[in-house]
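Next up: just one chain, as structure tokens, the form predicted alone.
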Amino acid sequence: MESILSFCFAVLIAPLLPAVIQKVKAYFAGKQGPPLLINYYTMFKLFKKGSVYSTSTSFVFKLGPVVGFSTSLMMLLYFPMAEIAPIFSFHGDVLILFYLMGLGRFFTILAALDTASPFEGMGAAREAFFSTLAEMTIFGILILFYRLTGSLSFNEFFSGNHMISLIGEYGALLILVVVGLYIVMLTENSRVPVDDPATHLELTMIHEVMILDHSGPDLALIELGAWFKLLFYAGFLARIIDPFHADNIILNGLIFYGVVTFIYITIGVVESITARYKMPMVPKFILTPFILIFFVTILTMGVLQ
């Protein structure tokens, strides 16, 4: 029952946390910003509308948002939020989940190509290229965590005698993992400096240009899937950073979501004080964490001792 309640709470709070980023960016711009419940209002408005489909699209265009939303939702089913075991967990679930996320991205790209729009094709090509580079870091982290824990399960990464934590045996090295995972989070969720979700110029867009033709409930599903994915990555980072493990479930939840909120605030700060990189710089930025993870893996093998 605790696992189900934890999952339901994560699903409910996922649209709220991105509003924190908007609030922080508004604060830096000297504005009041939208209300914290703006994303709930937006979802309600989009689900009330109907979707518009071009005559040049096929069933693939309708399938993209559904698959993207479903795969993002499934990731929360397998991730242990706030010291509570996930609903589903087994050895090797991390591999399946990241491939599920890749499946969602694949159908989003297919839906963009199905529109026959040159702009959406351009965004799809960029999305495929940058996500491929980011996957190198993700699998590097999974290999490293397998070495440290002997497991390929999210739940077992953060439980038992060899749990991943900054206060553990490899805490100093895990700081580099946190930096690498933070960059991957910005990349996978189309945030500054890799992408700018608020841009309005098709030639400079990456993810946003892929969903220009979606509307109504389809657009709502895409937005919800993006918020679930961002919460997954922020939760992943929080489980590594959070050194406190109390016996009280409510206290653990408050600490965990406090750390998650702090991560969202840092995203807002990053987007407020930095600009998006030029396209030739983006691959170098995305590959930087892979180099960090590679050196961390080498150091854990004791080759320098």
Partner chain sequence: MDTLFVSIAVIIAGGVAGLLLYRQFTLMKLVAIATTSAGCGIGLFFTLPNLFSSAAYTVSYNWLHVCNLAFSIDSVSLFFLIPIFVIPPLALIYSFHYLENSAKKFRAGVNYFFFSVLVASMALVVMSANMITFLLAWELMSLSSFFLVMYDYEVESNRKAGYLYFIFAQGGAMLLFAAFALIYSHTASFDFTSFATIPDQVKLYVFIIAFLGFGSKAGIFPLHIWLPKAHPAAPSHISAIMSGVMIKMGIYGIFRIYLLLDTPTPLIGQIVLVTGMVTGILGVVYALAKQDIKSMLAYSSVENIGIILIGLGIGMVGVSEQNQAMAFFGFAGAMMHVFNHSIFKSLLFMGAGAVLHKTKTKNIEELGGLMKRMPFTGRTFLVGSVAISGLPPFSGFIGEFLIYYGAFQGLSSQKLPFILIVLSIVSLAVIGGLAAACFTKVVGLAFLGEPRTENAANAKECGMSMRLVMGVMALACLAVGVLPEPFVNLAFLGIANIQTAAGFSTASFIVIIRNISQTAALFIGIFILVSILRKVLYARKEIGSGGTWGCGFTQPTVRMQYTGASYADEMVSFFKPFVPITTLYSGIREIFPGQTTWSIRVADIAESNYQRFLTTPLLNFVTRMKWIQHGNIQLYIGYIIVAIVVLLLFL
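Since the model is a prediction, treat every value here as computed from it, not as a measurement. Residue numbers count along the first chain shown, from 1.
What comes next is about the form predicted in complex with the partner chain, which is not displayed.
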* Asked: Pick from 243-251, 266-274, 59-67, 25-33: which stretch has non-hydrogen atoms within 4.5 Å of the partner chain in the predicted complex?
  -> 59-67
* Asked: Should Gly168 be classed as touching the partner chain in the predicted complex when contacts are defined as heavy atoms within 4.5 Å?
  -> no
* Asked: Is Glu135 a contact residue for the partner chain in the predicted complex, using a 4.5 Å heavy atom cut-off?
  -> yes
* To do: Answer yes if any heavy atom of Thr187 is within 4.5 Å of a heavy atom of the partner chain in the predicted complex; otherwise answer no.
  => no
* **Partner proximity in the predicted complex: Asp213 to the partner chain, non-hydrogen atom cutoff 4.5 Å** => yes
* Residue (of Ala172, Ala198, Ile143, Val179) lying close to the partner chain in the predicted complex, criterion heavy atoms within 4.5 Å -> Ile143
* Just one of Val192, Leu73, Met163, Ile183 has a heavy atom within 4.5 angstroms of the partner chain in the predicted complex, so which one? -> Leu73
